[in-house]
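Below you'll find only one chain, the form predicted alone, shown as structure tokens.
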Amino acid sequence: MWMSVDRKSAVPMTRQLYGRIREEILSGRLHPGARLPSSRELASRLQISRNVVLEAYDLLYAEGFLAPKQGDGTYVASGAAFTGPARKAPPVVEKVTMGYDCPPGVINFRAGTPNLKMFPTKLWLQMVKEVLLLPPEEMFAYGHPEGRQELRQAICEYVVSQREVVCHPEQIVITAGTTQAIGIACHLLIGKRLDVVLEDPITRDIQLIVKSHGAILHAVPVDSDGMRTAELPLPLNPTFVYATPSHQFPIGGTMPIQRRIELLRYAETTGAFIIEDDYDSEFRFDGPPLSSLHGLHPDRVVYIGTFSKTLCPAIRIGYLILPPQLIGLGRSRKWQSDLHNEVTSQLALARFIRLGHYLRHVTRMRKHYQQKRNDMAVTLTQRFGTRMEILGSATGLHLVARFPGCEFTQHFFAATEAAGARFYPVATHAMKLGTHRDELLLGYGNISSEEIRVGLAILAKHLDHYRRVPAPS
């Protein structure tokens, strides 16, 4: 048996020696019954400490690679050879980008990211410090899958008073954001009935999540009033309809009461549930936030909320409000998913809401984003005038700019990014291929007013060139 150790390696010599002997046994080069040198002999041969050899042998004994014979040395155990399948080249993984990989120095017009610099860091740290002083059995033990009672109570009081939701804390399940909430809802509702109705366009993430649960997707187009409920498919009996009535993503429409009632009647007629994603509802600029759909028919609506846009995405706290018949199944699914959310953030957020800090922060941020919206709209109008139409600017952290006659391509987006600004096409989220190709999704939540002006100047320059020179196919 020939081997060596590398004294300059960052891998400890014990692990090196263990690994080399292990590989010889697995490959069959050291066959069952072969006698290994004594620890003293091997240490002398390799010019290393005998303790290194003893520790390596102990690891091999513990894993069953070696078998001692009383008074007769150390031998390779039987049944320890295994070559396994041939090693393959690393798989090619499709790159998934949501805009988080934007290079430094490039103005990122990604939608859905709040102003991270305005996160109330000091207040949040104060909340965290206060909850960490609670008894250890309160803070560090396993929790319930539905989340801490303190947070569910605080959320319940908030949505009842601010969003006209009709619920009890027992109906709330705390999730790791909207994504997990959608996954749990899909698991609860998609079974024998596979048909699901979605707005079109709608976040591509939602399309992928719903489809991954085996659903058959049916698209209903949207306009400035949200989903066109007159086009809901009949005689289809979907398991649920996914809607964002307070702020449709990405087009930005809000659903009037007539369409809300029509949607609820459709759900009653077909036996479907409605999943209400209350996306960006807090940030409505041209009047108070609209009431939720949930309050009109609590037994038919599954309500999803999150703190990713109002506070920050990193906290990873969202919530489901479930009709009574789904509460037990919802808690069970959450338990199967990840047992429960991290406790410190739950208790800190509960305290943050209960003391009034959350509502004050939302009010402050609404004014801030309204100014950003105004800056974006004014700059767009100055740059493009009647060549462009603004959609969905009344609510949220983004708006849509439509440029009639344009068809944005990857070549165009690569060129603007090389010039210093990254833009996003609405067409990425369209279920019906070939639609919305003249629309850009412009997020303003996490960029400054100066960046808005500079970025739109880049857009204007490239758009003028793009109109004159067709992009290569």
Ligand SMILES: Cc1ncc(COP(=O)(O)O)c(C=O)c1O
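Predicted model only: the values in this text are computed from it and were never measured. Note that residue numbering begins at 1 and tracks the sequence as displayed.
Below, we turn to the form predicted together with the ligand, even though it does not appear here.
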Would you mind picking the one in Thr203, Ser292, Thr229, Gln346 that has a heavy atom within 4.5 Å of the ligand in the predicted bound form? Thr203
So which of Gln207, Gln171, Thr178, Thr239 reaches within 4.5 angstroms of the ligand in the predicted bound form, heavy atom to heavy atom? Thr178
Just checking whether Lys309 would be counted as a contact of the ligand in the predicted bound form - the rule being heavy atoms within 4.5 angstroms. yes
Considering only heavy atoms, tell me if Asp277 and the ligand come within 4.5 Å of each other in the predicted bound form. yes
Spell out, yes or no, whether the shortest heavy atom distance between Lys211 and the ligand in the predicted bound form is within 4.5 Å. no
Within a 4.5 Å heavy atom cut-off, is His218 in contact with the ligand in the predicted bound form? no
Quick check for you: of 294-302, 372-380, 325-333, 277-285, which stretch puts a non-hydrogen atom within 4.5 Å of the ligand in the predicted bound form? 277-285
